[in-house]
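Next up is one chain by itself, shown in structure tokens, the form predicted alone.
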């Protein structure tokens, strides 16, 4: 059993009870129970407008029978409610096709509990998160903005897993997720933060960075489509390299949703300046975990290191299909990264602008879409401050632009990375990512039509 604490007994008991009751009817059973206690402050028009709190229990089941895989997720606290929901699944089990990615659940291995994922300050703040939200607001207002909007979310999470192979584990952690948009006239700036720890200075930085970008210029300038050198903020880096991490899933490769179908481990796929690591043992990032959804131990690993493809991410099924060992990245259906750490460079942030000299600074993005997964062809639209730089000076804001490129081109054209890390998590960056600013050359920029 991994972890401990009386407040964790209920979800682990529920997971073990479900496995005990379902094991006689299936070849493999895994029960994942997640309890979370959450408070969210919604900010609108420079005020904490709504404070919401909730507690919920989510139960996930993986059931395997005759190489057929079935999954179920419901909200319930009583075993009988979950078991009743499985009755209908059992009725259709024989009609489901055998899975090409079936592998028996792994035998339990030694899993060492992680420490440092739980911050008591988060639990204390659940009862009154408003002062932390107000600190974000005040920091943005110090930059002279007109108004702000955003959210601050605080959670205490208990995760428990039991399997029919005898694994039983649980862990408790906290997380903080914050983002803020600041407005000055027709201009806006945005920043975000995600961590397992409540750091008032990090929250103030969210307001400060959003306010700085909203007020960095009061001038609109023209933009002509073409190839530009670009500085991508950590928000953009987290969004785009999160998609790269998705394609590093062996599941994505096997299903044809990955540019890495064309490569082998050891191939050069990016500039030597780019390194990207999956870091489930970084306990300051919100998805840190000692064990994956199959009960395999997790470990930190490079996905790309100095431009070289080092690892795909596996669960038991993809590992068996490819004749390798699991990497501790299950997902019952999709293997996936836990947290991402993008290696830093040598540049200070202001030095990157000098190095850019002529080009664009893209501070935020959304509507990232893949037009061709195998080729890695994507587009994404800028949001908030998008700045034109000439001779190392910011001329003004160009409004929305679209990056239309290939991930391989973007990664191979990286020429510089800043040396200060930011921990980013918000609705456009769901895999928590630690990264700096990235400078890339010759990136195709067009005008969007939204």
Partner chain sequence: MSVDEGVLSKAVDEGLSLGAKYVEVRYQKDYVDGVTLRNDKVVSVGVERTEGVGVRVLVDGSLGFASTNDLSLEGVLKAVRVAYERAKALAPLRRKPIEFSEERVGRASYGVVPKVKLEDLSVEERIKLGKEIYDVVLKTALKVKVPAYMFELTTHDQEKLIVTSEGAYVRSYVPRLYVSLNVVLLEPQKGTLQRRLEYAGSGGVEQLKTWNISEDVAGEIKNLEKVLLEGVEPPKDAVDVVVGSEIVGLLVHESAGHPMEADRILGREAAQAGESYVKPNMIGVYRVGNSLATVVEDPTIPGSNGFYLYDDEGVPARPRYLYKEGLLNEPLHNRHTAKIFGVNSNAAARSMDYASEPIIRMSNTYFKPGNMTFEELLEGVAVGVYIKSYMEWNIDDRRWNQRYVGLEAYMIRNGELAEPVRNPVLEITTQGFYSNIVAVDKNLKFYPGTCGKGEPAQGVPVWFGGPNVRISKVRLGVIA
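Numbering follows the first chain given and starts at 1. For clarity, every value in this text was computed on a predicted model and none was experimentally measured. Under this definition, the rigid core comprises the largest set of C-alpha atoms superposing within 1.5 Å between the forms.
Another form, the form predicted in complex with its partner chain, is not on view; read the next lines as being about it.
Trainee: Using a 4.5 Å heavy atom cut-off, which stretch among 25 to 33, 39 to 47, 389 to 397, 414 to 422 contacts its partner chain in the model of the complex?
Mentor: Flagged stretch: 39 to 47.
Trainee: Since exactly one of 177, 205, 243, 305 fits, which has a heavy atom within 4.5 Å of its partner chain in the model of the complex?
Mentor: Exactly one listed residue reaches within 4.5 Å, namely 177.
Trainee: Select from the listed residues 360, 76, 157, 198 the one whose heavy atoms reach within 4.5 Å of its partner chain in the model of the complex.
Mentor: The residue in contact is 76.
Trainee: Taking heavy atoms and a 4.5 Å cut-off, does residue 127 contact its partner chain in the model of the complex?
Mentor: Although its partner chain is absent here, residue 127 would touch it in the model of the complex, with heavy atoms inside 4.5 Å.
Trainee: Could you tell me if residue 57 has a non-hydrogen atom within 4.5 Å of its partner chain in the model of the complex?
Mentor: It does: once its partner chain is placed as it appears in the model of the complex, residue 57 has a heavy atom within 4.5 Å of it.
Trainee: Whether residue 70 contacts its partner chain in the model of the complex should be assessed with a 4.5 Å heavy atom distance threshold; does it?
Mentor: Answer yes; at least one heavy atom of residue 70 falls within 4.5 Å of its partner chain in the model of the complex.
Trainee: How about residue 367: is it within 4.5 Å of its partner chain in the model of the complex, going by heavy atoms?
Mentor: It does: once its partner chain is placed as it appears in the model of the complex, residue 367 has a heavy atom within 4.5 Å of it.
Trainee: What are the residues of 147 to 182, in order along the chain, with a heavy atom within 4.5 Å of its partner chain in the model of the complex?
Mentor: Read in sequence order, the residues that approach its partner chain (within 4.5 Å, in the model of the complex) are 147, 149, 150, 151, 177, 179, 181.
Trainee: For a quick test of reading the superposition: does residue 94 move by 2 Å or more at the CA between this form and the one not shown, rigid core aligned?
Mentor: Comparing forms between this form and the one not shown, the residue 94 CA shifts at least 2 Å.
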